[in-house]
Ligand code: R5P
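In structure tokens, the next block holds one chain alone, the form predicted on its own.
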């Protein structure tokens, strides 16, 4: 990290993402401070930033539970501008509202465009990890700021897997996961394949596994995000029929809503691993060094 950025930058974290933000500040060599937040009984938020602020600040907040966190982020960014901050970089390891990039039915809000435009009004640069993009392939098209950096956690994942298990067999639970599975497999010369998925609703999916020799292999299901866990659960149930040595799950973003984690355990998953892009009990991989390297490229 350049001395220019060190001397004129402050990384500000939020209470519910404090530890990962502090790790990032240490890795980047940037001073750290908390955004002080108080919640009123009616759910409103009072936010206070430290003073004085330098010309460049980094706001570090992941955006799961997005509706409340987006409001806090806008309050912080707007206050920073009022206090004279010229450049705001947002590090949001999980970026919300990226799924809906078109109106599938008349009257639907295209939330990716709306939220992306909202963020662009308050920030100058964005760093995120494995953003869930579909028809829009460039992050800058979704969030019109420059730079808009969409990192991938696959180098961190491949290094982790090499230490965790001998010669794993990687399986992508659906076609969308292929980019992550293939990247990890190429990095360490692991075997891999990708399943097909049919979705019948938010909670109903059918997963078809390709023909492969899964027996006695340490199978690792790899995906960018686990939400309800239904796709991973169906893939696990199918794999169990082939008597693998073990079945594990590795994801970038551990949402795991409801009883998703418990259902995966019941289905036969022995290990559930995730990055700290979203704080969760399954966090086993830290992204601070990956993010710090990108942050160095955002210096002004």
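This is a predicted model, so every value here is computed, not measured. Residue numbers count along the first chain shown, from 1.
A second form of this protein, the form predicted in complex with the named molecule, is not displayed here; the remarks below concern that form.
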Checklist entry - Looking at 154, 150, 227, 89, which is the one with a non-hydrogen atom within 4.5 Å of the named molecule in the predicted complex? => result 227
Checklist entry - Which residue among 187, 141, 191, 176 has a heavy atom within 4.5 angstroms of the named molecule in the predicted complex? => result 176
Checklist outcome for this item: Partner contact check in the predicted complex: of 103-111, 81-89, 191-199, 118-126, the stretch with a heavy atom within 4.5 Å of the named molecule is 191-199
Checklist entry - Does the named molecule get within 4.5 angstroms of any non-hydrogen atom of residue 231 in the predicted complex? => result yes
Item to check | 4.5 angstroms heavy atom contact with the named molecule in the predicted complex for residue 99 | outcome: yes
Checklist entry - Is there a heavy atom of residue 217 lying 4.5 Å or less from a heavy atom of the named molecule in the predicted complex? => result no
Checklist entry - Counting only heavy atoms, which residues in 122-142 are within 4.5 Å of the named molecule in the predicted complex? => result 132
